[in-house]
Ligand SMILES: Cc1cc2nc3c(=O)[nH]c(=O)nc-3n(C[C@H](O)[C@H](O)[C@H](O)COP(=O)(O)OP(=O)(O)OC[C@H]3O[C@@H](n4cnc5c(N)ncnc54)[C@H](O)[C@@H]3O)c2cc1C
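Presented below, as structure tokens, is a lone chain in the form predicted alone.
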């Protein structure tokens, strides 16, 4: 049985108190919300904080409200509540769908929007017990000096496995971060970095307070997820497709891939293949091909890597077909 190590537990009642608690704890402190990622990682000794600062008692981090024609969602909103919220389902269906595809109902009841957006990167050589990792020699991401996925690589290749993050990048969401230096607004695309260890531009002492979703003005988005089972599993490929319409013509488009890099990977060439055109079979095929080329899955998640790459074409095509069918209703 894997057991949690000993730690001090803090439960502040405001963002200000939480930031102060993290300042007091220093590098030995970590924030936790639902705990569906951090606590299993602590059991496997991936993270070993001496002080855990819970954010779940902070009311200002919850809730969902329409504001300035857009929507503001507290980072502590559970994935279950996010997926079921009437305004999210009506105006941001891709966000609701991505949230309801995360793991299982029990974990969605505990897991939060902020936790999924800041999910630790994953790898077959990293997400193992301490004893397993010690037996093969530790990897670069924790305690070692080599990436077992790509031994000659100078960086870690653990992948981003968030379901909501690709959608947030695709629709152009913004994140409010609060830390000792005050608050700052960060576009979703700038929060993520293509490095398995330093995968977030968020500072360790900052809190993701709220997510701002842009007004649903003339655009639509969908999310599709590839995994072995119909529930529980992390994505081995996620596809978020966003299109802004000008009548029947694509005025702008974004295709963002999850599960193929250490960050949600936008493919600008795929969006460019659609702009200024009708969403025809030819344009969809061109966008799918453009997304296929830079998708370079490695042997660090489930399924054969070459098959996963082939599925990029299939899932991008399926997402764009869905958007076209919606528009044609």
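Numbering follows the first chain given and starts at 1. On a predicted model such as this, the values are computed, not experimentally measured, just so you know.
In what follows, reference is made to the form predicted in complex with this ligand, a form of this protein that is not presented.
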query: This ligand contact in the predicted bound form: residue 30, any heavy atom under 4.5 Å; finding: yes
query: Any non-hydrogen atom of residue 274 within 4.5 angstroms of this ligand in the predicted bound form; finding: no
query: This ligand contact at residue 37 in the predicted bound form, heavy atom, 4.5 Å; finding: yes
query: Residue 107: touches this ligand in the predicted bound form, heavy atom cutoff 4.5 angstroms; finding: yes
query: Proximity to this ligand in the predicted bound form, single hit among 207, 96, 213, 169 (heavy atom within 4.5 Å); finding: 207
query: Sole residue of 233, 174, 81, 252 within 4.5 Å of this ligand in the predicted bound form, by heavy atom; finding: 233
query: This ligand in the predicted bound form: contacting segment from 72 to 80, 182 to 190, 252 to 260, 237 to 245, heavy atom within 4.5 Å; finding: 72 to 80
query: Within 4.5 Å of this ligand in the predicted bound form: residues from 104 to 143 (heavy atom criterion); finding: 107, 110, 111, 112, 114, 115, 116, 118, 119
